[in-house]
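Here's a solo chain for you in structure tokens, the form predicted on its own.
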Amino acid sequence: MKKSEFPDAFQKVRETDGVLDIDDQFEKVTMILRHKDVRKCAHYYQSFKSGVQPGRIVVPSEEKIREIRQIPLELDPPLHTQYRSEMEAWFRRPLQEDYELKLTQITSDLVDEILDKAVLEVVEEFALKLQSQALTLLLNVPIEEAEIWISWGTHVFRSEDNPLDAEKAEILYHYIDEQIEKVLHHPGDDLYSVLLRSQFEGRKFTKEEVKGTMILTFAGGRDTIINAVTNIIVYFGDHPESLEKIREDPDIIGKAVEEFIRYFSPLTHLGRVVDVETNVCEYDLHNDDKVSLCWASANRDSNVFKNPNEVILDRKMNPHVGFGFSHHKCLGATHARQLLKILIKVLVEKVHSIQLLESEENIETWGKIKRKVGFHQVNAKFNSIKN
């Protein structure tokens, strides 16, 4: 099996039952697996709530490591809509020409660095660095700040022996508190300052609201971006003809990004809490039951996607839910898409082929299901197109 193959771990259960019960720290969670059911539950926020106690809708639950609500993720309309409207213009900035040029320069410089290496460890030496340096653009802070974030490692809330490390989470929380205090005294044009000037119901955001937004910004786009970047590089290593295909037809880069997000689904799922008696796939759900919307399963549903277990770079119809769906669609999706488009563009311009060496897969376990989500480490050699 090629390193870039990501088997559909949920196929059998999706096609037979449509749901899967798992345990999350002694709480039962029902994973919703079919594309139409995932989209329906995501859309009907009146029945499937996000605005419960902070940390509960994340799987595994983060209730024990934070009391701060991630905004706007952990809210439902109309509050969600009000907060989101204050932030959307900022998170659309990646579409601006100067942003794109700066992001291209960051990506190009990092690719030039790796072309000089005999062997590169892709996850920490490239994907983590690219994610962190690109984030400085989204926050509009000096690129040197990325060195602090890189020092935290690939996970914000997780250490090698603990899937929910409260001490590690405190490093992020303390860092954000320091930044908020700094801009309170010296406001500027960064995201912290913009949020502190933002309005909600006629008043400015509180420090807690700013902190909740920044926690989401740091945590929500970290593992997912790192996984996406790493997985795309591994795919190109296994499929050098794909680099050539895009070189010959660069207009398909946008479609390729959507297909990679569909196929790899960097975020497996996200939870909701049931607010009324209901059922999904003839499965009864009760008030306060926890469910998860399994984006990874929905994105392989053969009732929606032809040849779902193949990467089709120029796939025409691609209603994937890799960035969520409906009201809670990922606020950082524009940044992620732009980053991946630029990454692919730079790779096809500078890299002839990628030789994959040793690797260690990152496997998530959900009940009886084991799902490959990415890699803990990948060693590779990048061959320059000039050679």
Partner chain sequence: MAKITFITRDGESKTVEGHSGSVMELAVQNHIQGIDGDCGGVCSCATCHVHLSPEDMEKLGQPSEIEADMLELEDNVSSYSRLSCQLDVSDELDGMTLKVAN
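A quick note: this is a predicted structure, and the numbers were derived from the prediction, not measured. Numbering follows the first chain given and starts at 1.
Another form, the form predicted together with its partner chain, is not on view; read the next lines as being about it.
Of the heavy atoms in residue 316, some are within 4.5 Å of its partner chain in the predicted bound form. Using a 4.5 angstroms threshold between heavy atoms, residue 304 counts as touching its partner chain in the predicted bound form.
In the predicted bound form, at least one heavy atom of residue 325 sits within 4.5 Å of a heavy atom of its partner chain.
The closest heavy atom approach of residue 28 to its partner chain in the predicted bound form falls outside 4.5 Å. When contacts are defined as a non-hydrogen atom within 4.5 Å, all of 40, 92 and 255 contact its partner chain in the predicted bound form.
This chain appears without its partner; in the predicted bound form, the one residue of 66, 335, 320, 34 with a heavy atom within 4.5 Å of its partner chain is 320.
Residue heavy atoms within 4.5 Å of its partner chain in the predicted bound form occur in exactly one stretch of 325-333, 66-74, 355-363, 51-59, and that stretch is 325-333.
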